[in-house]
Ligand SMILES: Cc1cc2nc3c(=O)[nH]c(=O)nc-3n(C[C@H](O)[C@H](O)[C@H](O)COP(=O)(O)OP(=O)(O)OC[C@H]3O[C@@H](n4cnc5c(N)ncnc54)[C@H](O)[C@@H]3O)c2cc1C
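Just one chain follows, in the form predicted on its own, and it is written as structure tokens.
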Amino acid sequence: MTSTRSGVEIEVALDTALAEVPAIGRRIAELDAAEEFPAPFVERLDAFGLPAYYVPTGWGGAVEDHELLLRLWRTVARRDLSAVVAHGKTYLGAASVWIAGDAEQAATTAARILDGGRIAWALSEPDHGADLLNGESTATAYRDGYRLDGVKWPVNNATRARYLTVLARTGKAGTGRGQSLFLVDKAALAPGTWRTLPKEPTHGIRGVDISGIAFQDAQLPANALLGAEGTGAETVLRALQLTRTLCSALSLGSGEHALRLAAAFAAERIIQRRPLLGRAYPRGTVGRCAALLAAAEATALVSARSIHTLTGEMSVISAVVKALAPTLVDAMLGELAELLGARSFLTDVYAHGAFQKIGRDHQIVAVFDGSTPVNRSALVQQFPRLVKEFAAGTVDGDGLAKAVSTGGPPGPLDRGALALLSRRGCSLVQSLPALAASIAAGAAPDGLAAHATALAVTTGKVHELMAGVAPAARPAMAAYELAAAYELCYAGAACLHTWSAERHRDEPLWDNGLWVRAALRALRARLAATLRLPAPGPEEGDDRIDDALAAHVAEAARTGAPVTPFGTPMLPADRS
């Protein structure tokens, strides 16, 4: 099944389908207050055909395009984060099948998804969390298959999903080859050999099925094993390179929703006969937050396309984007909450309390699929390679060009090219010095060349500091801070590349490089703070950025126009 519609048409169609939910804002608030599963929205996503985008085209799915899937998840998340968390778990649960499964397993899984089946990803355990190598659930060879014992918790959709991809120990605990993956069909298990654990009360995403499952002498057939015995952890790490990247969509949607709410409020709120947005501080807040969201968007889009075009570098890229996107959006939410004041935490005053729900819901994004410290630790392990390839200027030119050319088909995906470590480092960051020099040598918008040059210089300093860090099982805090700095360098490179690829777009955010100048200014400020350096001074034209951005975002919040450089329109929702 292949879609003939363009990506933008598909995004708009999905937003239209969601906007048609009667009194959508009130309904979302009611479901959240009652801690009810977001069934009306999940059913609408099924009717739209979103599950087909979780299945490779070779097995009957829609267009296999991770940039498009990221955009679709963002479209849902900017309405309700709970809905995409509940629905998207099937993509996560199936990701390992497309990597390690045989033809029969892939075909069966595809048919289940396309028929509306849910798949959970059962990795975590109560006493081990993200320490997957030491999980205590076991799959013991038994008769013509395996006997599964143990508890998996917490697991999204553990109760509602019929199918699960379960990580269980088949070898020595704590070793890289001690765990294996299994496809489990609850309906095929003998009664009494499994039970679901109660849904956990949660601070955010209240209606989502965060529960667990316990197995005792559950008999699995031999063909439940995904890949060879002992390859479960490796398969999970490869799959995480896809899922961590797509998690950034949850942050993009949350950030957009929050920005629209706050900008609309600031434009409408009259204080002493003047709109709140008529004052410098609120305009600066909206401008900074719009800049951070633009930076997160460019980073996420390039990273999602890199799944197809720079596949061998995804061990670096996925760790960077998974740590960076929620960090930037959390910073946005903090600033916007101050702008909204009491309305940022009241549940039934402004827009049905949507902002406080966004804040609660988004807190979990930094934890999903490996927390921010976990991803930064993974990045630290690759510092030696990143330093070496940056010094050499190693760049996969063709793959990078395709990664930064957003909007078009990214090309096929070779999942076999997913690697636990990147042999080439990170082409995007390694191309930054040459890109900055090219921008400085040509005609560039006000101040952009100076921002690009300064970013390239700081990126060089970051790599000098990285060179002094030795890989360690438990990195020092300074190493984590350097990983955070590297993320900001990556984001700056993503902004410059995506702007360069489409610099002649005739849209307000692209006028005189407005969005990319704002993003570079914001990223450089955060980079200086992370490295404990003096704050960078303003460049030419910086004093006009916030006013222009704030005016655009406020108007977009009123009309539904895009608020980000690569965004799509959003049909107005009831804020009464």
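Just so it is clear, the structure is predicted and the values come from calculations on it, not from any experiment. We number the residues from 1 along the sequence you see.
Here the subject shifts to the form predicted together with the named molecule, a form of this protein not shown in this document.
None of 307 to 315, 273 to 281, 372 to 380, 213 to 221 except one has non-hydrogen atoms within 4.5 angstroms of the named molecule in the predicted complex; the exception is 372 to 380. Among heavy atoms of residue 205, some come within 4.5 Å of the named molecule in the predicted complex. Under a 4.5 angstroms non-hydrogen atom cutoff, the named molecule in the predicted complex lacks residue 362 among its neighbouring residues. Though the partner is left out of this view, residue 421 does not reach within 4.5 Å of the named molecule in the predicted complex, counting heavy atoms only. Proximity of residue 368 to the named molecule in the predicted complex falls within the 4.5 Å heavy atom cutoff. Contact with the named molecule in the predicted complex, judged by any heavy atom within 4.5 Å, is made by just one of 495, 122, 81, 332: 122. Here is the short version: of 409, 176, 129, 341, the single residue with a heavy atom within 4.5 Å of the named molecule in the predicted complex is 129. Contact check at 4.5 Å (heavy atoms) against the named molecule in the predicted complex: none of 265, 353 and 526 pass. The partner is not shown here, but in the predicted complex the stretch 465 to 488 reaches within 4.5 angstroms of the named molecule through a heavy atom at 480 alone.
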